[in-house]
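Take a look at this single chain in structure tokens; it is the form predicted alone.
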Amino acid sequence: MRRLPLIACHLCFVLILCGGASHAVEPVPLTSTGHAKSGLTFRDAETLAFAEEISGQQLALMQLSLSTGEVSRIFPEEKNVQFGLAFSPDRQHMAYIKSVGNLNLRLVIRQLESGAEAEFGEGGFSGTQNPCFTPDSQRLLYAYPVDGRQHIWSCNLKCEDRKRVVDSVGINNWPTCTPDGLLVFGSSRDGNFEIYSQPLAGGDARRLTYSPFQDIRPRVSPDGSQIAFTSARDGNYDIYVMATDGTDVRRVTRNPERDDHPAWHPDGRLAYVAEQGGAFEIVLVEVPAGTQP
């Protein structure tokens, strides 16, 4: 296990408020390994989970205590690649993706108390991606390609009763939900990755972003009022935040290298992976205030 000091960040990022006003803040660094990281998610206010490259191209699931800085592997004995971690809102289940061989990615749903697992996967280079539990914790959303297109599907907690939730041309990915059942996701249906929403119960999709460059990896805030996402709209990948209806867009980071993989802390701060000098670290930052109540 590694113990990392939670010290003030030496590199300052600029937060840009809507309307042009700006101010500087100091993000708090949470890691110091430099290794590639992805798939950030908070298990609770104390614990951040993520995937990290630990040797060669092996990805392992990690957990970080925010109070002590201690980092440890979730499955210390696991030899397979693991990534794409999600926790159910009731904290009874977790889901993740694991590789069990060449061209074989498996979706795993694990009951946290008993350790019982259910799996789904039919092979293929893309496989299942980016699991996310529904607000009632009873089903799991995930991206999966069929017939040359990538859809968003749902299944029950036994990886059964699979249903297509989002069906369109192009690639649909990164499902995330508001507490009241609005599904937010990324899609290339209009020729470029943008962010869309639609009722989880069914209905038409609504386009939320209009950018000449990619808007990807949306994440809904715990209270359902905001969406964090990664965008290259200003020529470089940075973190942005907007209201759930697509208004009140605010730029959160300004980094000459890449900022990506945003995740909301329960108190409304954002964690993300910041690239600096070719090293990748997780930092935690306050979100600029919006114009909406």
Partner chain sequence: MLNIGGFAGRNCHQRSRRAFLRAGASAAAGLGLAGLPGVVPASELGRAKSVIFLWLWGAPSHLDTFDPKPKAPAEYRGPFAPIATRTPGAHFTELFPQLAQRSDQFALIRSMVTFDGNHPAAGSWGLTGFGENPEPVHPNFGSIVAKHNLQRHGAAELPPFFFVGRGIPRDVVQRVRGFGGGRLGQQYDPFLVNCRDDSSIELPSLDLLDGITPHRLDDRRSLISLLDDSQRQLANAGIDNWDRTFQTAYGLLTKPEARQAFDLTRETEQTRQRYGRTSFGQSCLLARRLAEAAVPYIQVNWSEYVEAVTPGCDFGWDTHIYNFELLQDRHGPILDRAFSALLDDLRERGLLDTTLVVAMGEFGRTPRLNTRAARDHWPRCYFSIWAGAGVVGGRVIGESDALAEDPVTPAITPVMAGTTICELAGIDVQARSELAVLPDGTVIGELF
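Positions refer to the first chain, counted from 1. In this text, all values refer to a predicted model and were calculated from it rather than measured experimentally.
One more form of this protein should be noted, the form predicted together with its partner chain, which is absent from this view; the next part is about it.
Residues with any non-hydrogen atom within 4.5 angstroms of its partner chain in the predicted complex fall in just one of 156 to 164, 178 to 186, 76 to 84, 134 to 142: 76 to 84. H265 falls outside the set of residues with a heavy atom inside 4.5 Å of its partner chain in the predicted complex.
Although the partner is absent here, I97 is a contact residue: one of its heavy atoms lies within 4.5 angstroms of its partner chain in the predicted complex.
Mapping the unseen interface onto this chain, T247 falls outside it, with no heavy atom inside 4.5 Å of its partner chain in the predicted complex. Under a 4.5 angstroms non-hydrogen atom cutoff, its partner chain in the predicted complex has N173 among its neighbouring residues. Within 4.5 Å of its partner chain in the predicted complex, a heavy atom is found for all three of H35, G127 and R217. When its partner chain is considered in the predicted complex, only one residue from D234, D44, E257, E26 comes within 4.5 Å through any heavy atom, namely E257. Proximity to its partner chain in the predicted complex, defined as a heavy atom within 4.5 Å, singles out one entry of V108, L105, L208, V71, which is L105. Along 57 to 73, these residues reach a heavy atom to within 4.5 Å of its partner chain in the predicted complex: Q57, Q58, L59.
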